[in-house]
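The chain below stands alone and is given as structure tokens, in the form predicted on its own.
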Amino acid sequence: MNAILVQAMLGLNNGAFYAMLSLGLAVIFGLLNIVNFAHGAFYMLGAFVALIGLTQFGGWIGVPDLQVNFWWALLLAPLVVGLIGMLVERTMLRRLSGLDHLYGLLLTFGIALVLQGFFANFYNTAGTPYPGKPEILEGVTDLGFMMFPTYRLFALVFSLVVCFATWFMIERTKLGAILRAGTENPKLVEAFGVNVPLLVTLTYGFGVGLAALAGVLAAPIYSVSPLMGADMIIVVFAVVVIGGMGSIMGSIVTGLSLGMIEGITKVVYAPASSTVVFLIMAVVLLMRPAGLFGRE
């Protein structure tokens, strides 16, 4: 039982990353109808922005001692990657508006390959450790039933706060109502003086910014690698499908739940831990094709 509890907590930590990534995917698909296969690449890009800011940024601007520490990276990486995402939306994705989802999928898949190949030219695909974990988050915290790494606990709590704050903004605020209305009936919303194209661009930037934020949080735990997004995106798409494409709460709940299930499976039957998510996806699609929280 103790081993199960330990793995459940570690799985919940992984589930928090699944939730943040699937949340960004759900925001982009639910509000913009774009199947963003480049989401994993933006997650990777967030981690690399944090790594480069810590190790190379000072040398680039001629101030070797200047570093972008972890706390600043949490703020700056989502902004930088969000701006890149907005540029992608304005220059490429907007041209596919009204076309079949397959075109957006192929374009974003190509973008992911380009970004992955670019960083693979300069960094080891086996991964580069991120050395900037704050000292205050070093060590372990006593949870009663286990000693849990303090940084992992911080990443879990921080991810949950971001996820539920995003859900509240989209589902319970006036801004969220305008966002939803702008995607369902853009002509009507524009008649009320709302700049819908700008709204779409900002929404896409926000979605990929969430992926970058998850990348910064993951950097001190996993090695920063050009392949880290490709390794994660398949599982995250499964999470989104199970929760329901476009469902904000579905992405959060499903991401956390599947992370725990994956962790517990490592104790019960370890060989199945890498496939249990896809087995659950198959069962859910057979019983409820729209996903657990999705609409038919």
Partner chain sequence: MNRWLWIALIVLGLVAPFVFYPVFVMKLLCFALFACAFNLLLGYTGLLSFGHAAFFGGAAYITGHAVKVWGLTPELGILLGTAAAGVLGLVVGSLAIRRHGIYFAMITLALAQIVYFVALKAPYTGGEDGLQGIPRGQLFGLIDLEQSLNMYYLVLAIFLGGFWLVARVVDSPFGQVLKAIRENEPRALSLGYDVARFKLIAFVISAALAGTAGATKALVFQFATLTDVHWATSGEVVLMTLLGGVGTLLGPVVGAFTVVSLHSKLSFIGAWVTVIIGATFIVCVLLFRRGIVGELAELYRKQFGGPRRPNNHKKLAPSPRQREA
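In this text the structure is predicted, and so the values were computed from the model without any measurement. Positions refer to the first chain, counted from 1.
Absent from the display: the form predicted together with the partner chain. The rest refers to it.
Contact with the partner chain in the predicted bound form, defined as a heavy atom within 4.5 Å, holds for exactly one of 230, 260, 267, 249, namely 230. Checked against the partner chain in the predicted bound form, the residues 107, 162, 169, 181 give one hit for a heavy atom within 4.5 Å, which is 107. Each of 35, 100 and 278 comes within 4.5 Å of the partner chain in the predicted bound form, counting any heavy atom. For residue 62, no non-hydrogen atom is located within 4.5 Å of the partner chain in the predicted bound form, even though that partner is not displayed.
The partner chain in the predicted bound form is approached by residue 117, whose closest heavy atom lies within 4.5 angstroms of it. At least one heavy atom of residue 237 is located within 4.5 Å of the partner chain in the predicted bound form. Contact between residue 241 and the partner chain in the predicted bound form is found at the 4.5 Å heavy atom cutoff. Only one of 62-70, 267-275, 252-260, 41-49 places residue heavy atoms within 4.5 angstroms of the partner chain in the predicted bound form, namely 267-275. For the partner-free chain shown, nothing in 126-154 comes within 4.5 angstroms of the partner chain in the predicted bound form, judged by any non-hydrogen atom.
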